[in-house]
Structure formats: C-alpha cells, structure tokens
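One chain comes next, on its own, written as structure tokens: the form predicted alone.
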Amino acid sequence: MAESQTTSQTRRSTRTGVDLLLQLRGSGTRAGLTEALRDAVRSGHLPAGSRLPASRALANDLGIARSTVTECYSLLLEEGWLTARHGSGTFVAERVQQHRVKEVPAPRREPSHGLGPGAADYADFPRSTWLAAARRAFAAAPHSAFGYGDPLGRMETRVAIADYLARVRGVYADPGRIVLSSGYQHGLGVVARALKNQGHESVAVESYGLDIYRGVLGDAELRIPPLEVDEEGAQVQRLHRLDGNRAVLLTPAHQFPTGHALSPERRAMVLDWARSAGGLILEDDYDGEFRYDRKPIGALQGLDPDRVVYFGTASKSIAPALRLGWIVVPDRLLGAVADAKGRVDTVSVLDQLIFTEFVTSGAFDSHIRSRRQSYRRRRTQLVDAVQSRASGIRVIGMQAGLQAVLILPAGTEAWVLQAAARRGLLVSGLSAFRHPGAERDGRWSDGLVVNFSAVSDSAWPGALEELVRVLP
C-alpha cells in the first residue's frame, strides 16, 4: 500500500491464525494503522485478550514496512491498549473497556446541494481583509478596550454603524440610540421583552416568514396575529382591525420569503397607523443592501425615526458566525430595551473593534459590492434556467435579496420536495413559511424558496442543474 493512500481495507489470515479486518484512514500509514487498531479494540472487533498478528505477518498482509507495524504496537503498548508476553506475542489488554457498535439503519443520503434559507456562501468570507482589519484594530485599540464592555456596545462601533446606515440605508441613527446584539434573533428577543414590559400584548406579523422569529415573540408571551401578504407586501391596511395591537413586525424592503417590497402607498399607510394608534413598527432590514435592478429602497425608519425600531445584521452581509446585529431604537423605548438587554455586553468587544475598522476602512463596502455582483449573476442564471427548462414555473418577487420563490402548479410542492431530496438537493417549500393562523392564498399555495447564495461558486452550476431537473 502506498504511503499517499487515504483509505485501505484488508482482511487476511495471518501466520498466527488471526483473521483481522482493518480500515486505515488518513494520509499517514503509521497514524492510520494506529487509529484502526484502536477502533478495532474499542468496538470489540478485537476482544480483550485476543492475540494480534506478528508484526512481520501484518506488515506483509498490508503491504507496509514492518517497522511501521512495530512502531504502532509499541505506541499502543505504552498507552495501555496492548500487552506483550515474552515469547508468546502481543495481546489486547484485559482492562480496555469496549463498546460494541449498535446496528443502525442506513442514513438517508446527505444533501449534496443545500439551497435552504439562512445559509450563505461561507467560502466567500473576506478572510484577508478581515485579518488586516483585525491587525489595525488591535494595534490602535486602547488598553481599556480589553476590559468589560458597554452593554449597549462600544461607542466607536455604534458611530461607524450610524454613519454607514445613514449613507447606505437612509436611516437616521443617533449613535446613542443604537444597541448592539448577538444577531437579529437576540435583538428581536430583547425588543419583544421590552414591549411586553411596556404593556404590549401582541405584535402583528406578516403571513409569510420564519417561524423561529414568531417563536421569539411568542416566548415573550406576545400574540402574533397575521397580516396577509400580496404583490405590494404586507396588507398593513388591516392593522386597524386588530383590536389592542400596537406593534407590527415587517420586512418592508424585501418581504421574506415572497420577495415583494412594501409599496409606497402601504409605507405611508403603516406610518399613518403608527402615528394615529401610538404604535411601533419593527423593521427587519435583513438584506436591504442586495437590490439588483436598481438602487436599494431606503429604510422605512428614515421616514419616522420615532415610530420605527430598525434591525440590521452582519449575518447576511458577512457571516452569521460574527454574531453581530444592531437595533436603532426610538427614544421612548431606549430605556426599556436597555433594561431588557441587561448589564452584560453580549457581543465580543474584540469583534466590535474589528468590525469598526472593517467598516470605516471601506472594506465593508467593497465586500458588499462584490457579493452583490455575484448574487445578481446567480439570480439571473436561476431565472433564465427556469424560463428555458420549466416554462410553466413563475419566479415571483423583485430582483433583490438572497432567495427567489418559484411558484409551482397547485398540488405539486410535496412531490417536488421529495424528488429534490432523492437527488440530494436541500430546498424549502413555500408552505413551510406560512403563519399557521393565516388564511390560505390560492395564488401562492405551492412553491419553492430557493436560496441562491447558499453554495460556493463552483457548486452553484451543479445545484442549479439538479434544481431544474426536479421542476414539473
């Protein structure tokens, strides 16, 4: 067996009469044999007290150097896996605890292409520019930065975010009213507890969205009445019918997952409702930077900062692992949000320093532009492939964001999902995002939510080909 082989398997009758099946893993023969012998003992395939083949015999069977086998035996003798009896050979130690492998059903095929929501092309993480920003940030950081942080976040980070949001999203953000969170879910939970503490009993939500966020509101003991969604976004004109409801959670720039923006008329409607009802709008701007057909729509918050709680996150623009989000809070809610967040900073101060440098140096803008170009190209390829290979399928939503919705013929969603799973393709059905209390909408009863940002550039063509093959 050559040293470069990564896996070798043998079963031989040796001169000692021991029949031994081994699987060698890894790039090094010595390490692979050592671990294979450990596995054989641990699993009980080599029971306690059993005799091992002579080093020469095992070396011949495996086609490796005898010295390699001798070194493995010596190491396992030192570790206590084996014992040696002078003149009798090498044996499995009696004191080794063994665990027989239980028979388990064969696993289902692992997805080879994941196009589900929430993921991104993590291979595109800006390693070099992030590392450069880290070096500069740490070199310039004051000694005090390495202590406990402000629970609301470091002020220089909040200033950088305020400047960025004003320039890119049209958000009016006094740095003193920005609260940093460990991502959007954490921030939403903080605001939900603040609303509950201020006497709110419910928060209206869009009829399509992620159930995990509905669950966050439910955990705060808030009701979540649904608002239907159509081509103009959430039907905010229905807010007046919800007795006692004084808050609404929206994705106005790009409704998730249907992909429609809240129309200008409805943007005006929801602001009028908030002013007349003394209500609050929770604006989830999860992918506001990614608009492809024209310049991104500005945030709703800029039209009335006193009525809108704005949420942003680095999860879609950089990576979820950063665990960094921001909340722009109206003055009247700031104290309650600070109390709900607590007295401990939940975001790494070191990551805040790096992110600040990443933004202020211009690296963040460059990274967003690069990703925008890549995602625009992928979305165009997706639409072209569907139109040419599955002409009966509609792609709805505007040219924006990280996912597209493919509307399927009625009654075919479950069948398509099963066909996709058989081909190792992970994709989500539109029905999975529907509020359980919402009315059924015949226009969008069946569909696929395809996250075209979730795989690497090299994997994307194959994923797209598998997708169009399962479409009816």
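Residue numbers run from 1 along the displayed sequence. Note that the coordinates shown come from a computational prediction; the quantities given were computed from them, not determined experimentally.
Keep in mind the form predicted in complex with a small molecule is missing from the figure; the text below concerns it.
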Residue stretch of 136 to 144, 183 to 191, 361 to 369, 165 to 173 approaching the small molecule in the predicted bound form, non-hydrogen atom distance within 4.5 Å: 183 to 191
Interface residue in the predicted bound form among K196, R246, K316, R266, criterion: non-hydrogen atom within 4.5 angstroms of the small molecule: K316
Selected contact from W273, Y73, Y213, F290, since only one has a non-hydrogen atom within 4.5 angstroms of the small molecule in the predicted bound form: Y213
Distance check, E357 to the small molecule in the predicted bound form, heavy atom within 4.5 Å: no
Distance check, D284 to the small molecule in the predicted bound form, heavy atom within 4.5 Å: yes
Exercise: F256 in contact with the small molecule in the predicted bound form, heavy atom 4.5 Å: yes
R307, heavy atom within 4.5 angstroms of the small molecule in the predicted bound form: no
